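Just one chain follows, in the form predicted on its own, and it is written as structure tokens.
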């Protein structure tokens, strides 16, 4: 029996994209360097004030065309530096460690909420100095990275902070899900390459990834272990459905080949009969 994808998966993905686009101060995604006074001014500065630009260019934000104003607000088209970074223009200075989650959560709403509800967020509310978004994703200043679990979990302070007894075991879980995601993506592509409509499958794969990421950012086994079981099941369902799609595509091709062969034989027969009747 062919398993069906949950009907809400596609809707969840669309809803998440709409929320991100509608969020106040959501990052701008068009031509981040075009006429941006943030970039042109900082490039002309010396020493520390010039550093953010080359760092940003090597960041995941630059890769996805999120520029300075996506995080700091302000007016990137205003030539006057004071006006560009004024309160009226909505400029935001660098956040303190207690403000970091809210700062990043303007765009990364779901991840930020998971962090607040998780182990680190609970400690932060109690005044404990804990790791924040910047600790893991901005260790190199504005050179923001997507994730670096191999480096994070093997750093001496991180396992201590998170209460991780066996970093290699934690890495194994992350690598397992990553491998499952890659295998699922490959299977979905294979079905798509054979002419099948895989939009729903790809939405299901992305939804499973998003759900896993939300759980990971709670930073505790009470959330991560159940999420691992769910990720396995959801990705297996997507992969199984993609395999079924690919089987159907192959079946259609075989049927089409048989039909074309039969039509060819019929045409040859008709030609031979016509010749024989002359």
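Rigid core (definition): largest C-alpha set, two forms, superposition within 1.5 Å. Being a predicted model, the structure only gives us computed values, none of them experimental. Residue numbers count along the first chain shown, from 1.
From this point on, the text means the form predicted in complex with a small molecule, which you will not see here.
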Answer option from 42, 220, 232, 239, heavy atom within 4.5 Å of the small molecule in the predicted complex: 42
Residue within 4.5 Å of the small molecule in the predicted complex by heavy atom, from 203, 196, 190, 145, is 145
Using 4.5 Å between non-hydrogen atoms, is residue 122 touching the small molecule in the predicted complex? no
Contact label in the predicted complex: residue 174 to the small molecule, heavy atom within 4.5 Å: yes
Proximity of residue 169 to the small molecule in the predicted complex, heavy atoms at 4.5 Å: no
Please determine whether residue 101 contacts the small molecule in the predicted complex, using a 4.5 Å cut-off between heavy atoms. yes
For a quick test of reading the superposition: does residue 65 move by 2 Å or more at the CA between the shown form and the other one, rigid core aligned? yes
Threshold 2 Å Cα movement between the shown form and the other one at residue 182, rigid core reference: no
Taking the rigid core as reference, does residue 113 move its C-alpha 2 Å or further between the shown form and the other one? no
